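Quick setup: one chain, the form predicted alone, written in structure tokens, and binding and motion questions come after.
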């Protein structure tokens, strides 16, 4: 069995130490992380609850969010190996039309811990979401990538994307006339356009705040060693776990909600069977055609 689920944190950690490639724990992530030995995790990727009023959340304010992060983040750093990485994905908390960028709070906590260094603030942008009439609609969230220590792994070749101008040549200098682009592709940069998981998304399974597998997959391929351990303390429907499996890494996750833990288990088993649907981060964004009904000019709009 490639996937094992436990209600005991000690049993979950023990199973992982015995070589089970994917282990999930149904319970409070703090109970699990307290059992994880120092320096055991290569990469943590997670999106913590950030007080949006979802059914699985207890915090309702920025202050409660910060208090929770002050408990979990030092433990995440402790279990991260030297040279390992932490990727924390968050958005905004909005109250009475006042927006608070939660990555600011996360940065303030993690940057104050020993040997923790911010490497990138990645903008994850998507085309659809809630529409606002009193401010610009939110169409992005952020991923903060930290490393533990100065030396860390970064495999750019694993995540290169196609060059925009592959035939471009140098017009001067010693390489004049030669191709100026890397034939393997270009660096994807720090702004990633990946569709969010809405009703018609191929990955949608019923969790209210799924993030796409492709978001975690790109991070894993770039900064986690082969067969490394990926950890997600707020696993949800296990998007991080799916990405870990398809990338050939081990996975440890925690989820306090039993319904979502069962959902995650089924998805992870399906991933090992090669049957879990997911959308690659490298797949081009669909552009509606003029013939599509949703793209037609409304009759009351004037001709251009």
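Numbering follows the first chain given and starts at 1. Please read all numbers here as calculations on a predicted model, not as lab measurements.
Keep in mind the form predicted together with a small molecule is missing from the figure; the text below concerns it.
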Among the candidate stretches 35-43, 274-282, 22-30, 242-250, which one is within 4.5 Å of the small molecule in the predicted bound form when only heavy atoms are counted? 22-30
Establish, in the predicted bound form, whether 126, 196 and 214 all lie within 4.5 Å of the small molecule, using non-hydrogen atoms for the distance. no
Exactly one of 209, 181, 153, 117 has a non-hydrogen atom within 4.5 Å of the small molecule in the predicted bound form; which residue is it? 209
Heavy atom within 4.5 Å of the small molecule in the predicted bound form: which of 270, 61, 257, 70? 257
Just checking whether residue 234 would be counted as a contact of the small molecule in the predicted bound form - the rule being heavy atoms within 4.5 angstroms. yes
